[in-house]
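Below sits a lone chain in structure tokens, taken as the form predicted on its own.
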């Protein structure tokens, strides 16, 4: 928890009320975002995203698995987040474990939809190789290197960038003589298929401080929040998930207004990410 004096708290509240935050931003503006791709060579895809002083790394590993009996036409995705104890004092001991679990669960809710897979921002059906028998399991691991607020948005952005960098090995399937036989799958070491990220959303977190809400809150601003709503929105302006934290309740009309703002801000964030991804890919090709 960030310790602030009464004067510092008053300064934060006053600045947000006047639409001029302590770092010079307006209420609905993000900090500068920077992107790196391919930071972990042994992974199928990886990225590093910096949002102000918040710094996160995501790696993606694809392994052959078996679809669940409930969803034989879908692959599987698991998200695990680890908060480095050096990222912030509150991450030491149990604090880091609890936040890691909270972030993992929130990302699953916002990116993977319900238990049925409906509304998932990641197309799980594209991960199936042989329905009911063989699929790709994607393991998404995130590491919080440095924390200065708004971890959920930064991690979701890093996941989207890492998926853009992910190559799924091309497979050749040899079906057995009997329909009950397990197919023989040959995995190529040289040919890869680019993962389709067109439907993968970004997450926009709106944090309520005083009577107003802001995007991309810093740690100091988060310490003064009454509640926060994280909304995942895709390229078409569709809502893929929503999660709330903080004890204060919100009027339904306020949440509807937040969703409208998230759609607008999400469009800007998506555009910034697209530009950063294109620049990172161009830089990687030049090396």
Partner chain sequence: MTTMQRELRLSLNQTQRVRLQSALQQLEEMTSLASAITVVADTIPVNHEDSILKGHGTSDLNGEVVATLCGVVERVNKLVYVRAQRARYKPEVGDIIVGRVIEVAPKRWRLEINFSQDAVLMLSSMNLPDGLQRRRTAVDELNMRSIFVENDVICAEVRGFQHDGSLHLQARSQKYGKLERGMLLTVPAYLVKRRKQHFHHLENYGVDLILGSNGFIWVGEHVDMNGENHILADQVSREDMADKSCVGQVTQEVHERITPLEIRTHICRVANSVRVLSALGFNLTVEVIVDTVEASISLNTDIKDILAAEFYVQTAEREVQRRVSLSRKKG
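Quantities reported herein were computed from a predicted structural model and do not represent experimental measurements. Numbering follows the first chain given and starts at 1.
What comes next is about the form predicted in complex with its partner chain, which is not displayed.
Taken together, 123, 195 and 198 are entirely out of contact with its partner chain in the predicted complex: none brings a heavy atom within 4.5 Å. When its partner chain is considered in the predicted complex, residue 22 lines it closely, a heavy atom lying within 4.5 Å. The shortest heavy atom separation between residue 96 and its partner chain in the predicted complex exceeds 4.5 Å.
Contact annotation: residue 281 falls outside 4.5 Å of its partner chain in the predicted complex, judged by heavy atom distances. The closest heavy atom approach of residue 167 to its partner chain in the predicted complex falls outside 4.5 Å.
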